[in-house]
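To begin, one chain is listed below as structure tokens, in the form predicted on its own.
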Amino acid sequence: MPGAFDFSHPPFDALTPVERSELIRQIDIEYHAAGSTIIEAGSPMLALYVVMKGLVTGGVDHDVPIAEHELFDGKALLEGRCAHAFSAREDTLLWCIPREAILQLSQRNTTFAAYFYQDVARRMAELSPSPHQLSQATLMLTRVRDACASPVFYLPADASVLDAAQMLQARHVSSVLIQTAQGCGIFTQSDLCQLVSQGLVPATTRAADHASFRLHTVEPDATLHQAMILMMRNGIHRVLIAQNGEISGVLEQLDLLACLANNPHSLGVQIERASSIDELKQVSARFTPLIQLLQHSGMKVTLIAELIGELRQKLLAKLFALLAPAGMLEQVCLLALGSEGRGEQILRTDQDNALIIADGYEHPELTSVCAQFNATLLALGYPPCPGQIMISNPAWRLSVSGFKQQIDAWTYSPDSEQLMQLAIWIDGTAVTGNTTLLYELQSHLKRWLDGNTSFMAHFARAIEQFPSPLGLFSRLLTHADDHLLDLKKGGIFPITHGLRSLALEAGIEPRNSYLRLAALSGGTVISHSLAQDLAETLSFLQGLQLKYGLQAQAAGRQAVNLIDPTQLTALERELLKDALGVVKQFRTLLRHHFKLDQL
């Protein structure tokens, strides 16, 4: 029976085959009837227990359920004494691992030992959920229709090589099709290079005379594996996607490889090539599957946010460029605000954007363009901002002089609403247009804030807006009505706003919270060790936000920041308590630094 121990769960998944064999020889099994006490509070902790079957309750929160494959109490094991009682809620079988066996393994295996660390940053860095890598074989079964294909562009039979070269450059593609009486031929960048090297004159040489009329095609339902085999078999770099004789796209070798490598670059290429709103909608629909793939493959949440943030800003820039008439982009600057501006938003959330307009610039279509921009984002799945912080709202579509007046209003006699609007503005990042307009406004704000300690204290006070969800004895506190915990209000916001406040005070320019933290680390306020704890804490909280947000979306619900702590694994609950403890420490530091008790 002990040989049936499941090593696929943390921290045991970190053990080597030899270490697993050693552990199996020392594992025992205990039976506890429903209602019986397993460990009494204050008793010696002589073994680590893992639930084989049944249900255990106890620990710091007294009634936290510990289900199959979950262990208790790791921290007490190192201390040698258990501070809290544990009991069997139902008939329960436990794997019992001697304390000495765990200590010996911890000395040899640092990843295994990390589960029992007291150091928050080390625990979180080591114990983030293990990656579940998708196999290359699975990706090879992806359908061609789901890959990032290039659009098809045609030239007439009498088109010159110069015409072909100009289309290749204008459309950002590597091939065009030539329509002739004998059918379609394909002319590529390789053909162009060969012609130039031969000294032929592009303007007077017909592209059709040097095109290939042996076309290799695959159907949209074919797999990437079949497309790759076709390329390898014929020594070619692209295949045409065709069904019933109708060509719908070109699958390039680079596009195929990018898809197989889980590379978001392919979506970026599609955004750049998009020439219509419908094409942008198709790209936008692929964001969530990409996020799911990256999260499932174990990519760190900070990297996912960076990649998706870049893609989403490309999408916003392209959308505005498609809507704006000629000459408008030089006179305006589109901003992404809030978490989108910080590059920390992964799942779709409320629209937060603004538009800066050059002083004196007017255009009869400007109002219509802004309304279409927000309406199109709504169609793409981005809900409108409840506070109407969108460019369709005239209050967030102002001239440079108008925004200067607004900044003055936010700062001269600030109330809580004005301060939060300023906080959203401060995280603004230029997406497209004339970025010098933003720089001018940033300089205006900086000149007013220099040395204004009174204002900075009022600005930082927003960290007190929401109570901590961590109570006495590290007990997780939830809403009384729904028993849910708000990750954003209780954990993420105090960190991001605290860092925003410190960065604003210190004149630090980066908008991203991790970059702000790196610039503040080791300074007069945040030590290197606290900076490490804050970085791991923020990453862990955002990781939970993403994981359970994706689960909500998969179940047909809107992704929100609320989680049910009872649905977390034992490991996630322990790390969540560690994380909220770091948030509490940071809030205390901010209260002292900004003298919030004197306001």
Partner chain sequence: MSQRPIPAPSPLSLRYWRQRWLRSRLLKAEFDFLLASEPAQEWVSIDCETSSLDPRNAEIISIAAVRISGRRIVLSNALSLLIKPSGVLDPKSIPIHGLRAQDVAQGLAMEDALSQLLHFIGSRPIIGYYLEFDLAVINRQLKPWLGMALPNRAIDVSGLYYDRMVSAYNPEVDLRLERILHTLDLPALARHDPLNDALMAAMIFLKLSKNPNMT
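We call the rigid core the largest set of C-alpha positions that still match within 1.5 Å between the two forms. Computed from a predicted structure; not experimentally measured. Numbering follows the first chain given and starts at 1.
From this point on, the text means the form predicted together with the partner chain, which you will not see here.
The chain is drawn here without the partner chain; in the model of the complex, the stretch among 86-94, 327-335, 234-242, 404-412 whose residues come within 4.5 Å of it by any heavy atom is 86-94.
This chain is displayed alone, yet in the model of the complex one of Gln26, Gln532, Gln553, Thr569 has a heavy atom within 4.5 Å of the partner chain; that residue is Gln26. Just one of Val64, Met52, Leu546, Leu538 comes within 4.5 Å of the partner chain in the model of the complex, counting any heavy atom, and that one is Met52. Among heavy atoms of Ala41, none comes within 4.5 Å of the partner chain in the model of the complex. Proximity of Arg573 to the partner chain in the model of the complex: non-hydrogen atoms within 4.5 Å are absent; the residue sits far from the partner. Taking the partner from elsewhere, Gln558 is found to have every heavy atom lying beyond 4.5 Å of the partner chain in the model of the complex.
Among heavy atoms of Glu30, some come within 4.5 Å of the partner chain in the model of the complex.
For a residue to qualify, one of its non-hydrogen atoms must sit within 4.5 Å of the partner chain in the model of the complex; all three of Ala4, Ala34 and Thr37 qualify. A movement of the C-alpha atom of Phe287 falling short of 2 angstroms is seen between the shown form and the other one when the two forms are aligned on their rigid core. Annotation: Cα of Thr588 displaced by less than 2 Å between the shown form and the other one, core superposition. After superposition on the rigid core, displacement of the C-alpha of Trp410 between the shown form and the other one stays below 2 Å. Compared with the form shown, the Leu580-Glu68 C-alpha separation decreases in the model of the complex, the change being 3 Å or greater. Relative to what is shown, Leu580 and Phe86 are closer in the model of the complex; their C-alpha atoms differ in spacing by at least 3 Å.
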